[in-house]
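A lone chain, given as structure tokens: the form predicted on its own.
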């Protein structure tokens, strides 16, 4: 069968390959892959910056944002032939650590977890894959191909859970949220903020095109410029860019008792000037909390499924700005100015 594979840490090694059928050891549920979303992590892996092949293998099958259709499933279970499903990315470590032992594998303490399409476990960008039922999340059939948005939405669902848990340390009635970045994660974070009835503001660099339109059509406010100009003293900031200057700006600008959730991953090698003393003083005196959030466990996927089911379908459809057939997979990794979410169509829906 066909699959997009790469030799991790080797730039220029990505290719459309012929690979064996998925091993039964991966699980009793056989899934036909319909679509795979592309994100910055995939680009980092393809350019040789990241990734681990499965033990004993040279190449890694890419793809961690998935949508598939069940071909085979154990009788009497929660899944049946024809169901649309999304595969969870992370698997708990085999030890397991205390968190993995209670299914909180997104907080793995010893780093022995695996991740499909990223770390030591083949991903979903193949014509078929196998999975165990507990790592397959059923998607509302009405969503169709839009179910491919479930994995990035799960990241946002976890971020909102983190914000709300930290905020509840005191009396918590947030009214305003600012989201930095109008990429897929930022737009989905804004969506979930609007669904919570908050006054949502989104800041990004572009001044026209699909991103400002998508924000406006949510009923949120779109801004360029600084955080302070966009939304002074917000109760919540969800940082989705990883741009170091924006990270520190968020920590300096959030309102008294506010929560900053960092979801963007910064690249190293950048130096910026920061008044560390003033930043520390303001964070302490204003009871500011900063939390990092990455990956997700099953309840976050389920929360994401609920959020997508409640969203307006025409709005979600506009997030999928390009669909590329698998034999042209390399075009999906070439970013274009108006791209929001690009997907590789593996099998026709």
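Residue numbers count along the first chain shown, from 1. Note that the structure is predicted; figures quoted are calculated from it, not measured.
Form predicted together with a small molecule: not shown, discussed below.
Between 36-44, 282-290, 53-61, 314-322, the stretch whose residues reach within 4.5 angstroms of the small molecule in the predicted bound form through a non-hydrogen atom is 36-44. Proximity to the small molecule in the predicted bound form, defined as a heavy atom within 4.5 Å, singles out one entry of 199, 93, 249, 115, which is 115. Here is the short version: of 89, 178, 189, 149, the single residue with a heavy atom within 4.5 Å of the small molecule in the predicted bound form is 89. In the predicted bound form, the small molecule sits beyond 4.5 Å of every heavy atom of residue 215. At a distance threshold of 4.5 angstroms between non-hydrogen atoms, residue 294 is in contact with the small molecule in the predicted bound form.
The small molecule in the predicted bound form comes within 4.5 Å of a heavy atom belonging to residue 155.
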